[in-house]
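The chain that follows stands alone, in the form predicted alone, written as structure tokens.
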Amino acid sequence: MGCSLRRIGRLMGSIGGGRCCFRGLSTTCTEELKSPNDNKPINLFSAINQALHIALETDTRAYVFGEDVGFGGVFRCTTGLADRFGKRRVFNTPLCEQGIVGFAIGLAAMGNRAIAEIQFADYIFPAFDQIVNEAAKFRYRSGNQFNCGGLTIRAPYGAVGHGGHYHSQSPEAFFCHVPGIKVVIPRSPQQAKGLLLSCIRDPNPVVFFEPKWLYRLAVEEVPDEDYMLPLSEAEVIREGSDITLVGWGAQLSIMQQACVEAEKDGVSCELIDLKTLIPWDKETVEASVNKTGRLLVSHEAPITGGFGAEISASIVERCFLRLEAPVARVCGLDTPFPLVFEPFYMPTKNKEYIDEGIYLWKKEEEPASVLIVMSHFTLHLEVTISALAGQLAPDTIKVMGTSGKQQLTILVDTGSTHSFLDPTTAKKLGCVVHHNTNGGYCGRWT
């Protein structure tokens, strides 16, 4: 409880106060909450608010509760609900995530629509036992005689620019391992509203993760009326023929930028938003990979054990004879989520684009004798360069870089402990070095 009080105090000024973050989307920040009847473009937290208004208005059995939801919540997603529907249906809870979810399970088991808010996805773990051992198994252990299908758990997840290791995590993979619940993550306001209403009305318990980076950043026109979007149906956002990119939530905007960069070098990318992680739409991804022959999966969560590994394994099983290259994963690092080093942790468009060089390189008629593909942050960089300098002639080393031509391109972050590729070192290795736009050095073998 003390930890919860501290986290609220720390973040109310920077998040609740309406500070806007920019992550590469060409949208505007909207600070004022739009009325549910306003047909103007709205941001993501306003779309969530609209969905909650509709859910409470159309079903008298629906209840919204969680820490501080009575006054609107830290991210203002529940603003105006208590005033309109009363404190019996929209109310605050103690700072106890296990109690919030336990109460929600009981409420849903009695035939109600329980919409529980966990203030940050990082703090969903105290409720892990209730979600995994109770909610997910409620229907199964009774032989479908009773269930808690009216349960929806909302939780803001992911990076926010200044959240550090207790307010930036992406824990979706933990819950994707659990039969009996659904896991849904929207990418935009329009998707958030339709998917949330579908989750609330779905006959199964759902964990609904909301990308908090996009709460105020993502803005688009959202229909005023009540509508639902189907669960477990992926969407092809961008059609292509050379490589399939799969992601969800806030990462889709980063992947879209990578697609644009790749297109400049003649790489046609097909981008798919998974939307529902469990159960996920294997057929759509399979059809795309059968067409392109290549797959890249990207998410903010650490790479080891992330849901991208499940996608990779499934697609290899289904599309083995059609794959022209190994499945690539561009994900967060296997470290606690950093604060000042967040830019190095995040799977950026440059990391994804460089990884796409694997596939672009394979299209060359005369491949180089050595293929090395590196992202901005690699622990093997020093060893790799030393091996190249000592064992291989420069003209035998060809690596795809951001220029789209065969050449050795090494990107190093100056903030990394492995960023030793300074001009002096590079000169010894026969490289021409200059600063790149990301604050590191770009070395090209001459």
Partner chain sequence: MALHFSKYLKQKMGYLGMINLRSWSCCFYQKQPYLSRRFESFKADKQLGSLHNGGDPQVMNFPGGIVKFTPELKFLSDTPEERIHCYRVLDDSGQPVSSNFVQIDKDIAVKMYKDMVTLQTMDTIFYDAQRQGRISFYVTAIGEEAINIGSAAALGMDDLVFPQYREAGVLLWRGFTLQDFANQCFGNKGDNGKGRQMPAHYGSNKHNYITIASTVATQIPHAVGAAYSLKMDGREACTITYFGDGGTSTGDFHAGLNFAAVMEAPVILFCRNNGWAISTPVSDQFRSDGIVVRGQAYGVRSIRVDGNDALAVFTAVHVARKMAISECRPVLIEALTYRAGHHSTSDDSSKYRPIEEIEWWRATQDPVARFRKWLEGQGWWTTPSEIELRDHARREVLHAIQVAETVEKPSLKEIFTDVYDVPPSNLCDQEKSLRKTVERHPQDYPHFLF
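Numbering follows the first chain given and starts at 1. No experiment lies behind these values; they were computed from the predicted model shown.
Here the subject shifts to the form predicted in complex with the partner chain, a form of this protein not shown in this document.
Stretch 89-97 is the answer when you ask which of 89-97, 265-273, 293-301, 252-260 has residues with heavy atoms within 4.5 Å of the partner chain in the predicted bound form. In the predicted bound form, the partner chain sits within 4.5 Å of a heavy atom belonging to L107. In the predicted bound form, the partner chain sits within 4.5 Å of a heavy atom of F71. Of the heavy atoms in R76, some are within 4.5 Å of the partner chain in the predicted bound form. Contact between N112 and the partner chain in the predicted bound form is found at the 4.5 Å heavy atom cutoff. Of the residues S312, Q130, Q190, N350, just one reaches the partner chain in the predicted bound form with a heavy atom at 4.5 Å or closer; this is Q130. Note on contacts: among P171, G180, G194, P338, the single residue with a heavy atom within 4.5 Å of the partner chain in the predicted bound form is G180.
Annotation: in the predicted bound form, residues F138, P203 and R216 each come within 4.5 Å of the partner chain through at least one heavy atom. Residues are counted as partner-facing when one of their heavy atoms sits within 4.5 Å of the partner chain in the predicted bound form; in 45-62 only R61 qualifies.
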